[in-house]
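Single chain ahead, by itself, as structure tokens, in the form predicted alone.
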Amino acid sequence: MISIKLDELATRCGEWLRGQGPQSEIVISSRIRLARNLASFPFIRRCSDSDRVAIDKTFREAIGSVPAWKDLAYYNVAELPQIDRQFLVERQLISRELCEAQGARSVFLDAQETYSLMINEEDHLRMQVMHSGLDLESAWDQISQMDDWLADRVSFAFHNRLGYLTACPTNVGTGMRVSVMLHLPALVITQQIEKVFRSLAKMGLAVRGLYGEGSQAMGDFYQISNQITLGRSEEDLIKQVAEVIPVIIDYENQSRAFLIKESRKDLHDRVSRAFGILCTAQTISSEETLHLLSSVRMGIYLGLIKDLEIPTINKLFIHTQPAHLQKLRGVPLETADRNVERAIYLQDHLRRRDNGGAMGQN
């Protein structure tokens, strides 16, 4: 195990944000998460402080004994300052629940940020793998291997009929959550997004915001995932999500084509205004930044903005979040100061020497 300073992570992007995976113009990332509990301890909500310490120790020893994981970074989340915990949430490396929980808890991360192992979250262990673009199959291959390594070293709570036992009944069975993060600005603009959501709900799929359960859909980002795992195999759950995502991608592309054909001037104006504000604002909130970056990201894909790449915008979505800004600046910042620092950071990354040459022709 090694320790990587979080300040070092702040200067770069994880693999899932590289914007080079399949369908990455619309699909930001594919994630598979497994929930597991040790057979010899009660669920987290019934654990004593000493139970939590023992669970953390058991997993640290088991993870440390896996040869392939000798270079994982380890963080004692309970001892991290609030800003560092929030930083890991913004980076999608830990959940808000792990961030806000009490008592012994920790996380292991790989150097590329493709996976993390969270100890003492809602369950004793939450493993997740994140890949760029639509890449569920390889994400499943990776996390299945991780699960096997740990199953050889610890005894998980398992019922012959029900499957893996978890703190939340909706996770009982496989304990698996299959999730794909999509960028759907055109469906929002054309007011088709609610119709898509209703169709997904009928299929038993959940729609969440950028930071998962209970979060708002900022920047037109939506996470589509399965809701129930009981009675379904891992392959069935992956297939359920994998089959519907191409349909949503097609709807988003149709909406973008409609906007280009029927209201190109309005669309170009929306993208131009968004780009202009981001390049010239003297103070700007994280919420407004996400909203404007969403329009710019779509504009790049549609050829309305030149000389900018989607991975750059992906980075800005994360690096302009509150904790990231403070890590990059190196000092704590109040809200007003963060808004000023965010504007400066955006200008540094988006302004062009040719006075607007980044905008395509109408």
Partner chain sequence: MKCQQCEKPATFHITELTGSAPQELHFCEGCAKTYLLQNDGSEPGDSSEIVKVLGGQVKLGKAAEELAKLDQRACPKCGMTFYEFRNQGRLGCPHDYSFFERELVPLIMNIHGEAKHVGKRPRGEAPDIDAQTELIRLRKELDEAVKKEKYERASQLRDEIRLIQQRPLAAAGDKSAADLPPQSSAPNEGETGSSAED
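Please read these numbers as outputs of a predicted model, since none were measured by experiment. Residue numbers count along the first chain shown, from 1.
Just so it is clear, the following notes concern the form predicted together with its partner chain, a form of the same protein that is not shown.
Can you confirm whether Q20, S116 and E137, the three residues that make up this candidate site, all sit within 4.5 Å of its partner chain in the predicted bound form, judged by heavy atoms? So, no: the whole triplet misses its partner chain.
- Message: Quick check on this chain: which one of S233, Q191, Q82, N253 has a heavy atom within 4.5 Å of its partner chain in the predicted bound form?
- Response: By the 4.5 Å criterion, the partner-contacting residue is S233.
Subject >> Listed residue (T289, T174, S95, Q86) with a non-hydrogen atom within 4.5 angstroms of its partner chain in the predicted bound form >> reply: Answer to the contact question: T174.
Would R153 sit within 4.5 Å of its partner chain in the predicted bound form, counting heavy atoms only? Yes, contact at 4.5 Å.
Can L259 be called a contact residue for its partner chain in the predicted bound form at 4.5 Å between heavy atoms?
L259: no, not in contact with its partner chain in the predicted bound form.
Check: If you check in the predicted bound form, is K306 within 4.5 Å of its partner chain, heavy atoms only?
Finding: Flag for K306 set to no.
Touches its partner chain in the predicted bound form: A39 (any heavy atom, 4.5 Å)
Judged by the heavy-atom cut-off of 4.5 Å, A39 is in contact with its partner chain in the predicted bound form.
Contact stretch among 328-336, 45-53, 24-32, 292-300 - heavy atom within 4.5 Å of its partner chain in the predicted bound form: Residues of 45-53 come within 4.5 Å of the partner.
Scan 248-285 and write down, in order along the chain, each residue with a heavy atom lying within 4.5 Å of its partner chain in the predicted bound form.
-> The stretch does not touch the partner at all.
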